[in-house]
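Alright, here's a single protein chain in two forms, structure 1 and structure 2, each given by itself as structure tokens.
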Structure 1
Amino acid sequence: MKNETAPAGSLKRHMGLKASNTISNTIIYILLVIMSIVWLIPFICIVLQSFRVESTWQVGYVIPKQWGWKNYIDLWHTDFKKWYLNTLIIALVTAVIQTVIVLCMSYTLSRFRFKLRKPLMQFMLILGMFPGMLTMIILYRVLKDLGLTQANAVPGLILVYVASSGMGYYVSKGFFDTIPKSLDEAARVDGATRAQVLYKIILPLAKPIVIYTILTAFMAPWGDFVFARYISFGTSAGMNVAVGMYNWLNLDQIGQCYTRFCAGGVIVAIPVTILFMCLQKYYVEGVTGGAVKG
């Protein structure tokens, strides 16, 4: 008897386990579906409302009663083109220069052992604890003296973004740390200079982190708001998309510009999102690596 009940019992337990597993999986699926909806709803709403023609202000419903391209056409007749072009230029130039600077910085701190290395890193850690906004006042005045504010805000903004970008070396330094040093040493033994080691050996291996750096540097200017607003200082010609479109949601403009904001949002988000989704793999690698190494 005993011999017979034992397998039956374990089978029952097995069945129970399976059932509870199915239940928990179902719950998880439900949660994931709800989550996906919550995460996507704002974006779906933006897209839907950008096609709304019957009114330009905020309404309590989502699905337009009348569809059309009017908001996008309106967009074309505002300064949006200018803002978009500004942002694109800033993003492209920043992406290139910032990547070079970050790579120089992180490669050096990862590979070379010089006397001031540790103090330098500690110093930059401390610098990073100051709120960046504090420097805004003086940088604005300095840029103003150089003639790089308001209508000329684009070069000014690039200068500011690029100049301090060396501080953000952590993620790529972590990556360089994982490339074995024996590679460098082997090349050095074969007579390569330090510079040749960097160009011929390390850079080809560092492709993921190069792409990650380019991607993040490219994406940041699209969302920068504070500094861009301070430096363009109310001059439409020098604004980026964030600053320009922010004004559309001010109390006095939201009545006419709400749906236009949605349309602009779609136009801004599409290229950035496509680029991001294409390079997602590298982004995930960078973010994960960065967090693990601190």
Structure 2
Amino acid sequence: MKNETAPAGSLKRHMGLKASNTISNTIIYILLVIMSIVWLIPFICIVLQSFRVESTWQVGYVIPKQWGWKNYIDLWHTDFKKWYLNTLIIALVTAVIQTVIVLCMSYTLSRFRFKLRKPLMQFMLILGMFPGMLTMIILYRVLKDLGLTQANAVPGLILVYVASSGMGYYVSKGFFDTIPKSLDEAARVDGATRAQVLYKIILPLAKPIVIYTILTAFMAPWGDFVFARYISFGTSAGMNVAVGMYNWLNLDQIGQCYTRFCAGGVIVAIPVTILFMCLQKYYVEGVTGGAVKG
């Protein structure tokens, strides 16, 4: 009698567990859909407002009464193209230099063993805990003495963004730690230099972390506002797109520039959105792979 009821009880437990998992997954998916809708509503509103041409002022409705491309066309008759070019130059140069520095630092700390290695890592870790706001005053004074503020703020911003790049080694080093050191040793036996090992062996295997590093290095200066506004004030020539567009929200300009501001926001968001959607797979692999070992 016990042998007959055992399979039936096991089947009931299996069905109960399956039903419980289905219910929990359904609740999770519903919550994720609701969160996505709430998160996307502001962006949808900005896109809709960018096509509104019946009024440039803020209005109490979302869907435009008259649609058109006027706001996007008007952008190119302002300093927006200069701001956009400044931002693009800053982001691209920063992404290249910072990626090189981070990958070299990460490879060094992952593969080499030398005195003060651990104290150096601990020092950079502790130093990175202090907010960057604490250094803004002294950075401004240094950049001002070098003539890298206001109209010349673009090279000044690049200098600041890449100056502490080596401190962002954590994720990349964790990823390099997962690659067997035997590959390095075999290449060294065949006569490869350290640079050749990194370039020809390690980096092809570390494609996800390379793309992750490039994306993070590009997105940070692309959307920076606080520090950029701090050193690029007073003249339009040195502003990035965030600082320049912020000036359109002043009380004396918002009435004529609100819909144009929305159009500019859409154009600014397009490059990062396309990059992230195309490289999302590698971005996730880089984050998860770099979190395996420290």
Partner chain sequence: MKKYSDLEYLQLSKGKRFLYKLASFFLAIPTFFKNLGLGIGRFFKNLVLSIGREFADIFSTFKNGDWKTKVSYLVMGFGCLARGQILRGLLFLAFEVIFIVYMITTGGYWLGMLPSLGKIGPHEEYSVVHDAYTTVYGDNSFKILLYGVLTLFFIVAFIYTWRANVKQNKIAEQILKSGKKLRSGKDDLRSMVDDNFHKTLLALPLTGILLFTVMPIVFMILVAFTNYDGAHDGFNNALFQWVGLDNFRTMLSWSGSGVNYSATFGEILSWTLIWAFFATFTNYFLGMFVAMMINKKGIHLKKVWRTVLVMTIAIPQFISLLYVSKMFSLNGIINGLLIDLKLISPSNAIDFLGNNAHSGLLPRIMVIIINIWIGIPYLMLIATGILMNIPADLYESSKIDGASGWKQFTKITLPYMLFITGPYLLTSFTSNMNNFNVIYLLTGGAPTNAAASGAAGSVGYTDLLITWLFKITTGAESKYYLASVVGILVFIVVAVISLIVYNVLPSVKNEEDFQ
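On a predicted model such as this, the values are computed, not experimentally measured, just so you know. Rigid core (definition): largest C-alpha set, two forms, superposition within 1.5 Å. Counting starts at 1 and follows the sequence of structure 1.
Q: Given that just one of these two is the form predicted on its own, which number is it?
A: Of the two forms shown, it is structure 2 that corresponds to the form predicted on its own, while structure 1 does not.
Q: Using a rigid core superposition, assess whether Y29 undergoes a CA shift of 2 Å or more between structure 1 and structure 2.
A: For Y29, whose C-alpha is compared between structure 1 and structure 2 after core superposition, the shift is 2 Å or more.
Q: Core-aligned, does Q66 move its Cα 2 Å or more between structure 1 and structure 2?
A: For Q66, whose C-alpha is compared between structure 1 and structure 2 after core superposition, the shift is less than 2 Å.
Q: What is the magnitude, in angstrom, of the C-alpha shift at D252 between structure 1 and structure 2 when the rigid core serves as the superposition reference?
A: With the rigid core fitted, the alpha carbon of D252 is displaced 3.4 Å between structure 1 and structure 2.
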